[in-house]
Every structure is written in structure tokens, then in C-alpha cells.
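Take a look at this single chain in C-alpha cells; it is the form predicted on its own.
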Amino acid sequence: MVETKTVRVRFAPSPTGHVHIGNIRAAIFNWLYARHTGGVFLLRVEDTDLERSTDEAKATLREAMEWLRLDVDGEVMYQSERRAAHLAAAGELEASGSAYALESAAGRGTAVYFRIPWNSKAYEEVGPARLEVHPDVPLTVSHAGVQYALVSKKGKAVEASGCLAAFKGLRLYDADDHCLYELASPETVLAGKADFTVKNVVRMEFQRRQVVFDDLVKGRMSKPLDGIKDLVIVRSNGAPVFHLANVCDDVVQEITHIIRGDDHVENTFRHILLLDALGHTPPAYAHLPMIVNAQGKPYSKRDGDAYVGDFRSRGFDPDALFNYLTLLGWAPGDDREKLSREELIAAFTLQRVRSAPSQMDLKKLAHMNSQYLAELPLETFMAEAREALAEHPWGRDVDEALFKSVCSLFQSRTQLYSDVAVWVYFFSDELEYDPKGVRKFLQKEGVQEMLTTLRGRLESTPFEEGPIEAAIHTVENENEIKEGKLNQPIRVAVTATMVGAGLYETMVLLGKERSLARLDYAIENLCAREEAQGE
């Protein structure tokens, strides 16, 4: 019987103060995959950038994850605490000939470079390749790679370089088609014992090879070796770089699947080679589709809310945001969109992750949020609404019975908790009337007279939904206007807005005294005819 290895995934953010939805979407996918498979979800904070990875930034990251209920298995790993292990790995690579020290051209010290290996299990033969190079720029072959110049469309020299491993069977030719140099045996060059500078080269020929891996989302991925350079793994100041630290920590945490954004694909080609050089088998990779705006460009703060903190402060429900972000690049295989966390865990597989970019639609997210809010227990909705209401001076000391009634009326009509700001007309009489609503509905011929008549009728009408509706219809019939035509002028008069819950329910909650007082104010101050305003 074949033993199945426990799935181990990680979320490895670099905290900088904000948590972008693209990053937290990666965390969600990792978390769901771990929970679906009965695996382990780890958190590794890649905080080697000490200037940006402040305590405040780390706290923001923790708060975002806690708000979305992304619980972590085991202790959090902080990359900055593993510097010694990263440098030891660099030393191991140098000792084996897989890395070398090189003085910077600017004289700023010595950095350590990872040498792209001459042979690797990740390589695949492509076939013969031929490049035209500029003859005025000498071509250099060394253990650090090949430096040359391509020819631009205008005939100018364009500097280029690649790792030595990219040029298997390299042959250099002059304009007379004479072979000036052949890299028949690379051992001497790789050992750093021989560098060659060749002039008057017009053409280079070699056997092209490429790095390949099978991505669980994007399928077969490949990159020609001549598009890869040896890479710095320890800076001249002695600091290990992301590539080395990332790979070393994945090994220590025994990560089996790396699930991250497809902006890391280029890194993956190099990381596979680093793991190979360190003697480790690469994990499985799954690169998630990019989140884009309506124009197909990477979604950013310019397009609207882009950080987890933005959505929280605007009053989104964490489960709604969690649900929506899961659907950005993944689908359950049926027509369901609103799924509980348990349903998402049960349905989630990497096979259903799409490779095409996913468009962020804030309107769709807001609609989904309204569905979540509508299904909350009233007491839960009230607690969150109360916090949002407290952001406004008029909402900090409200009548509890009225507040509960307003919550009951508006829960199914609320998209975001921040929408409670429009409830001001229930709790304050200091209103700012919507000027468009006043012009459109109050300053029209006949409205002032009809509201005056209605006000008189309501004076003696029981203030309940049925009698209020009947009184309004009577005035409409007497003035030979369509039923419901008077509702908007009344709404603007008593709430100062053009939208809201049912008018009759709203007036009942406001009460007779406040409703009549606001009708009086509108009749006396807002219903002046447009013609009269110009006199």
C-alpha cells in the first residue's frame, strides 16, 4: 500500500502595512486546500525587509487573518529569525560549486550568486538555436555566464547575457562563417579557470534547453535557459535574498504544495533549480490567476477597495468576503455562488481552479454581502450595525426600541454595515435634504397643495400602515394622479432622501409627530415652485 503524504501548505506574505486581496485570496486557497485534504496550513512571515516589516504591519496581517477566520496550524515562522540557516545553505552551495562569490562592478562588496546548473532533472531539450549578435561588441564566456550584444532593428548593439548552462554546445562565428570558439567541454570554464573574450562574432549557435514543470493550475510550464541568469542569493551586505530564504524555509517546513499567485511563475523556474542543487525534490506548484479590473489590468487601489482593511472598515461581512474571493478563480462545479465555509471546504479542489484572470466586481461582492447580512440572526446584525452607527455623533445614543425596529426593517435591505449612515432621519432631526430629490419631487406643480391636503388628513388618521396608505391614495385620487405617484414627494419630505424602505413602514417608525412636522417643514420651505425661485 502506498503511503499518502500529508498535505502541507503555507501562506508566506511579506507584511508592509496593508494586506492586498490578491494575497489574502492566496491564503484562502491554501487554507481551503489544507482543510479539504485534512492537511496542515502554516503561516510564514517573510519579514527580512526590516524597514517595511514593522510590528504594526505584522499586527495588520494578523488582524486580517483573524477577521477572516484563517486559523493557522502550529507556530508562526518568522523568516528574519532564520538568517543563519539561510547563510549556511549559501555556504553549502558554494562548497559544492553551485554558487560563487563575485565582486560587484560598482565596488560595493562581494555578493554570492547561484549558478544555474549545467545539468538538471528539470531540463528539457528544445533543439538547435541561432542568435545574430553585434560584431562591434566583444563576446565574453566565463563561469558567470555569457555576455554579448544583440542587434536592434536600427542596427545598434543591445547588451544581453545568460547563464553558462543556457549555451550547451556553443559555437561562435564571424562574418566569413569561420568558427571562432566552441564550448565543447564546459568543465574548465565552470571551474572558473578559463574566461574567453571573442571579437568579431556575428552569430552564435547552441543547443537550446528549457526548464519545465507541471503546474496544477496552468499545466506544463517552460522557460528557455537563455532567458535565465545566475541569480544573487546573498547580497554584498551579507543579507540572504528572497529566493534562497524562501526555498530553505519551504524545505524546513516540509511544504508539499506551493499555492501562490501567477506573478511568482518566473521565481518558480529558479526555485526548482535551487531545490535541486540543495538536494531536495521540488513540491507541487499551483499558480493562481491574477485578479484584474474591468480593463483586464492588475486590480489595485486605484480601482476601488483593494486591501482587507478597506472591506472591513466599509462594513463587509468576513464570511461574504471569504466566499466571494474564493470564487475569483475557482468554481464548485455547479451553479452555486453563495456557499457556507463548510460547503467550500467540501467542494474545494485545485483541479477546479481556473488559469484565466479573474475580474473583481465590487457590485457583485456588495450583492453577496447583502445576502449574508439578511441571513444573520437579528441580534448579530444589531451588534454590528450598532458599531457602525457609533461612527456618527447622532448614532451614539439612540432609543433602543426604535433601533431594533429600524434594524428589523432594514436588515434585508442593507448591503454594507456602513449603509447605516442613511438611517440618520430616524435618529436625528438635523437633516440635509437631497437637492436632486427636492427639485425632482417637491418643486413640481401641485405637490405643495397635495402635501398640504395630506397633512390635514393624517392629522386625524390612525398612524398605522393601512390608514396611512389609504389617506395617501385618497389624495392621489382626488387629484387624478396615478396611485403611488405621491409616494416619492412624501418620502423626500419626511426622510430627506429618495430611497429607503417601504414608505408606510417608515412613517410608522418615525411616528405621527415627526412625520407631520417634516411635512410642515417641506410644505413651508422646500415646495416653492421652480418659477417662483426665479422671481
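Start at 1 with the first residue shown and count on from there. Everything numeric in this text was worked out from a predicted model, so none of it was measured. What we label the rigid core is the largest C-alpha set whose atoms superpose within 1.5 Å from one form to the other.
Not pictured, yet referred to below: the form predicted together with the RNA.
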Report the residue, out of E92, E449, E464, E266, that has at least one non-hydrogen atom within 4.5 angstroms of the RNA in the predicted bound form. E266
Only one of R396, R354, K121, R130 has a non-hydrogen atom within 4.5 angstroms of the RNA in the predicted bound form; which is it? R354
Check whether D262 has any heavy atom within 4.5 Å of a heavy atom of the RNA in the predicted bound form, and answer yes or no. yes
Considering only heavy atoms, tell me if G500 and the RNA come within 4.5 Å of each other in the predicted bound form. yes
My question is simply whether F242 lines the interface with the RNA in the predicted bound form - judged by any non-hydrogen atom within 4.5 Å. yes
Partner proximity in the predicted bound form: T256 to the RNA, non-hydrogen atom cutoff 4.5 Å: no
Answer among 229-237, 430-438, 452-460, 274-282 for heavy atoms within 4.5 Å of the RNA in the predicted bound form: the stretch 229-237
In sequence order, which positions of 213-235 have a non-hydrogen atom within 4.5 Å of the RNA in the predicted bound form? K218, R220, M221, S222, K223, P224, K229, V232, R235
Align both forms on the core first, then report whether F41 has a C-alpha shift of 2 Å or more between the shown form and the other one. no
Is_shifted N30 between the shown form and the other one (CA, 2 Å cut-off, rigid core): no
Aligning on the rigid core, do we see the C-alpha of M507 shift 2 angstroms or more between the shown form and the other one? yes
